[in-house]
Each structure stands twice: as structure tokens, then as C-alpha cells.
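Coming up is one lone chain in C-alpha cells, specifically the form predicted alone.
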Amino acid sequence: MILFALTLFAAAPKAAPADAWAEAMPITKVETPAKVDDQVGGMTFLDDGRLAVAFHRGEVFIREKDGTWNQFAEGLHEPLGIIQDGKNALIVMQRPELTRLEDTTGKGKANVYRTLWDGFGMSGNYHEFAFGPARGPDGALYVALNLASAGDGVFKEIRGTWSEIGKANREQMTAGKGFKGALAGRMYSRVPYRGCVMRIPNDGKGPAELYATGFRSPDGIGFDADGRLMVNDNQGDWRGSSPLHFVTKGSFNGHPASLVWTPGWNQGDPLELPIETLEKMRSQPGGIFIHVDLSNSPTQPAVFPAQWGPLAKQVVFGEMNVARLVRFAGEEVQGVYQGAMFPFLDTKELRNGNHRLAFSPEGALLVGKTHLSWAGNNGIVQINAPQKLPLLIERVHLLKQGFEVHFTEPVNGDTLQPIVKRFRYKYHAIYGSPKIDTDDLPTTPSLSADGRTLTLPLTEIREGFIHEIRFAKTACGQDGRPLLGPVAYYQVVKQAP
């Protein structure tokens, strides 16, 4: 092993050249259909290699291999997800329902719009988005439903059963601009399954199932390479920073509002339960999108295909507010899936508004953008799988007393300056949280003989903490190349045995 001293008072991290990411992974624009508002709500590649896109204003187009676009459907209500469902059919998650679009004539345009599931409530609140679907290994469809926001009330006419649980009554909540949102909680669930993940049989004929509770604004849902259900949420009330959950059936994932839809619920208003009670109930996220430093509003996950070499089977996420994507590399520790997050494609050339991601059969990553009068952009860009990856942190492995950092190529130990810290976020009803219980962690690093594995011994690993590993000097490739994304954030749910 090659040993080198840790610089205790290292200089502030030096960023790689602004175009280093774009040079390593050039970004090109994909032309979108003419005269269409090209904000992307859903995007998927079909089995034959064509690209299907659901645009926010309700159109679905299919891009042929020659780059031309053909309209497949229209008139949809805010579609926020799309997948293929056999030959000549697509499934789209609209705001009011999960819909199968069928072309039964073979003419390339849907002539049948069939409702697969609409058994969830709608109160008229502007924030009641619906995300998905994601198809599970069991063939079922999984969708995630947003909570309502206290920035708005509800309509007098609703769909679904009204829950009387909560401080604000229905009359107060239909008062329009006169409604005092604090009575209902920052985000609330007064009609069925708001804040829940639901499981729906693929054909839509069987009963839908409440799969998991505890979500706020889950704009990212999908399955990883091994069939784990991933749902990421947005920072806010009960969310110190945006979490990534690996969701299991029956789990409670942190935001209390949706607990009222748990079968047999009899504990009153879940927003009034003691923090200690909720803490014992909730499943911990396997990763954290560090607010501001990494991601403000994470979106759809996508799994790297084989063309991305060492990154294959890892996950990349979109990000709305910042011109950056986020990469996650996980591992199973004592039956829990957890791991590290890294900045990815961190360049202004990408622009923000990165909402929907899809990999082509050739391995190219396509990113669809949106803004909807908020932070963001529009259009579609493409990043081809590079012939050779830049120098990156490939993954981080948790040891019983420390970490191993694996790189995509050998590094120069004389230039590395790793700085290790830990911190956590407070779990509470307040919107967001500062970093708390922050500590600097001294370490004496050692580099493997092949220059690709750095060991960082630590005297203590603490469960429930994010461990930040940052490299103060980025020009650490053996040929002087910069380390791109020179920081990792590992969420320790369970310690290594």
C-alpha cells in the first residue's frame, strides 16, 4: 500500500475547468416537433428503438429513427410518465388517471384511450400531481401520488372519499383564497392515497393496492437493475433534504400525512404524532440528495446500460433546479440497500430543468426538460456513451471502520487531498433542515498498488449520518487529468458487520 499524509487544512476544492464535463461527454440538442410546447412529462424508448415522448400540454409523439416525429395521441391532462405496453400501445400517467393508449388499426395513431386505474382522490388542489408508471419485475404498474399543498385549498366537488382527520374541516378548506393553509399542515392528504405509492395490475382489471406511504412530492419512480423500487422525494416539510427510498411493501417513508390511508388507521391526525413515534415507524432512505450542494429537486431515475462500462447498473437522476445530474452507486449492508451519491455531468452546457431520462438501445442518455413556470428549461438533449469514461469516483464501499473509494482509473496519490466529514438532517415538520451534528473526521489514507482504490480508515462510523468524502485537489489523474465530480455523499443506514 502507498501511504501519504492527510493535509488537515486543505485549500478549498478547486473546480475542474467549466467545460471538462462537456468535453468528456458532449451534449447535443434533439430537435422536437414543430409548434409543440416541448416541455417533457414522460419519455421512453420502444422495443424497436424509436423514442416516445409525452409533452406536458397533452400530446404524445413518436420519433422515428430518421429523426422525424409522428403524433400518436393528444388531449391528455398533464402526463408525467410513459411506458410501452406491448406492440402499438403506451401507458401514460395523467393527472386524473392511468391510461392505455392503443393503436388498434396499425396506422400509427392511438384510436382507443382506455382507463386502467382512476381509483385515487382529487380535491382540485394544484399540487396533486401523479407520477409513473414504473413496471415492476412482477409485471405490475407502480405510481406515486403527490400530496396537496397548503398554498391552496380544495374544490367543493371532489373525487373520492373525504378524510375528516385533520384540524381544518372541509368548509374551511373550500374557502379559496381565504383558506389558512397552516390549519391543514404544509402538505396534506384529505382524499385517497395522496402521498402513497400504489400497485396496479398491468391489465387494470384487478384491484389496486396501497403499496407504501410517507411521500411528499415523489417526482422520481423506477426500478433499479436488481428490481428494487426506487422513489425519490423533494425537500420540504418532514424532508430535511431530498431522500432516495428503496421502497418495500407496507413501508412508511417519512411524511406522515398519507398514514390516514393505512388500513385500520386509528391514531388520529398523523401530523400531530410525536416525532419519536414517527421516527420509530419510518424506513430510512438509502441515499440523500444533499440540498444546494448536490440537488434541490431530483427527478426520474434511469439505470446505466452496459455501454457505460464501470457505471453499468448504477443509477442516474435528473435535477430540476441546477445544471447537473446526480449518480447513485449502492450496496447491500445487513439487509439494507444504501450507498453514495455523486454530481454527474455537472456543466452549464446541460442547463437545468432535467426532468425525464431515458437510455437508447445504443446507450445514449436522453434528457427531457420542463419548467411549468418554475425553475427549469425545455427541449431534449442527448449524451452519447463515451468511448472512455473520464476520471470519476466509481463507487464507495463501507468498511467496518472506514471507507474504500474506487476510481474509474488510477490516480496519483501524491496529489490527493481527501477531506472526510459527517452530518445529518433533522427530521421534523419544518420545511427543510440545516446540516446538524457536523464533525470533521481525521483519517490516514492509503492507496492501493494499482492506484484505483483509496482506503480511508475512521475511528467511528455512525448510523443515520451522511459521510462526505471530498477531494480538495482535482488534478489527480496519473496523467494530470481532473477528477470530475470530486465528492461523494454516503448515507449510512446500517454499519458494516
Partner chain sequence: MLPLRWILCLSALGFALPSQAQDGKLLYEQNCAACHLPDQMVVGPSLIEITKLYQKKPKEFLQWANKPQKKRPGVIDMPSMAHLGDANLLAIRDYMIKASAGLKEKPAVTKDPFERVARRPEVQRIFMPDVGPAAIAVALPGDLSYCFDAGDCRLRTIWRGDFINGWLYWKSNGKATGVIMGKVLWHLPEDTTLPAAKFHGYELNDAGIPTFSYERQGAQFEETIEPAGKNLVRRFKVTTAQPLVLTIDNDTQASAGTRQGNKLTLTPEQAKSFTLTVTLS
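Numbering follows the first chain given and starts at 1. Nothing here was measured: the structure is a model prediction, and the numbers come from that model.
Quick note: we don't show the form predicted in complex with the partner chain, though the next part is all about it.
Contact check for E157: a non-hydrogen atom falls within 4.5 Å of the partner chain in the predicted complex.
Among residues of the shown chain, V322 is one whose heavy atoms approach the partner chain to within 4.5 Å in the predicted complex. Although the partner is absent here, I419 lies within 4.5 Å of the partner chain in the predicted complex, judged by heavy atoms.
Among residues of the shown chain, K65 is not one whose heavy atoms approach the partner chain to within 4.5 Å in the predicted complex. This chain is drawn without the partner chain; in the predicted complex, the residue among K313, K87, K167, K348 with a heavy atom within 4.5 Å of it is K348. Of the candidates S163, Q94, N202, Q172, Q94 is the one whose heavy atoms come within 4.5 Å of the partner chain in the predicted complex; the others do not. Here the chain stands by itself, but in the predicted complex one stretch of 71-79, 396-404, 221-229, 354-362, 71-79, has heavy atoms within 4.5 Å of the partner chain. Annotation for 288-321: interface residues with the partner chain in the predicted complex are H291, V292, N321 [heavy atom within 4.5 Å].
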